[in-house]
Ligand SMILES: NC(=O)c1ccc[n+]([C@@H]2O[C@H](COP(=O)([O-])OP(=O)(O)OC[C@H]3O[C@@H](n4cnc5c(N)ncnc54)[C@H](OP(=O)(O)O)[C@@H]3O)[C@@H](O)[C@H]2O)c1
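Heads up, the chain below is alone and in the form predicted alone; it's given as C-alpha cells.
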C-alpha cells in the first residue's frame, strides 16, 4: 500500500535525500520549504508534490493542512539548521582602545535573545508546531522522525540547545502517540557533507578535523541519514520509539 509521506525542508540536502528515498520506494511524497525554487527542482527530479511553508509560522501551517492528504503515514521534521550561520558576527577592531571599550560595554541582550530564539524556533518550535498541526491526521501505525544533531550531546550554543530540547520533547511525544501505534524518534547526524548547513563557512581545516573524529574516516552523506529515517519508518522498527539514533560514523560513540 502506498504511504503518504511529508518531509519538511525537503528541497535540498538531507531533506531532499529523504524525500528521494521514499519517492523511489513508490510512496506519495510531499516536500515543504520556504524557497519555491529548490522545491520545484526537487519535485521535477523525484516526482514529489511541493508546498511552500515556513514551519515556524502557525498560520502557514494551517494553510498547509489544506494541501495535504487526509491521512499522513510518515512525518519527517527535517526543516531547521543553525541560524547563527545566517548572521554576520564578524567585527573589526580598529584600536586597543576600541577593544577595551567594547569589553567594558554592556552585552547586547536584545540581539542575543533574538538570535537564541531564532534557533529554538527553527529547530524545536517548528517541529512541535508541525507535529501538533498534523497530530489528528497521523495514521495509526505511522511514524514521526525528527532530524536532530550531534550538537545536542556535544554542545553548539543555542543550536545544540534546540536539538537537545527536541530529543527531550520527543520522549513525551512518543508516549502521546504510542497509544495509536505511532512511533516517534530522532535521527541525530554528525558531520554530513554535500549540504547547505555551514553556508560555505566550513574551512578545510575544520572539515579535516570533523572527518578525523569519525571511526570510519569519512564524512556522512545525506543518503546515510535517509537510510536511518527509512528504517525508523519501516515495519521493522515498530517497537522502536522515544529513541535517538546517532548517524555520525563513530564521532560520538554511545553505550
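Positions refer to the first chain, counted from 1. Just so you know, these numbers come straight off a predicted model, no measurement behind them.
The protein also exists as the form predicted in complex with this ligand; that form is not presented, and the subsequent description refers to it.
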**Asked** Thinking of 14, 78 and 198 as the candidate spot, does this ligand come within 4.5 Å of a heavy atom on all of them in the predicted complex?
**Response** yes
**Item:** Of 224, 54, 213, 27, the one that lies within 4.5 Å of this ligand in the predicted complex (heavy atoms)
**Value:** 54
**Message:** Taking this ligand as it sits in the predicted complex, is residue 35 in contact with it (heavy atom to heavy atom, 4.5 Å or less)?
**Reply:** yes
**Asked** If you check in the predicted complex, is residue 144 within 4.5 Å of this ligand, heavy atoms only?
**Response** no
**Message:** Residue-level question: is residue 64 within 4.5 Å of this ligand in the predicted complex, judged on heavy atoms?
**Reply:** no
**Asked** Hey, in the predicted complex, does residue 192 get a heavy atom within 4.5 angstroms of this ligand?
**Response** yes
**Asked** So which stretch, 147 to 155, 109 to 117, 172 to 180, 134 to 142, is the one near this ligand in the predicted complex (non-hydrogen atoms, 4.5 Å)?
**Response** 147 to 155
**Request:** Let me know which residues along 105 to 130 have a heavy atom within 4.5 Å of this ligand in the predicted complex, or say none if there are none.
**Result:** 123
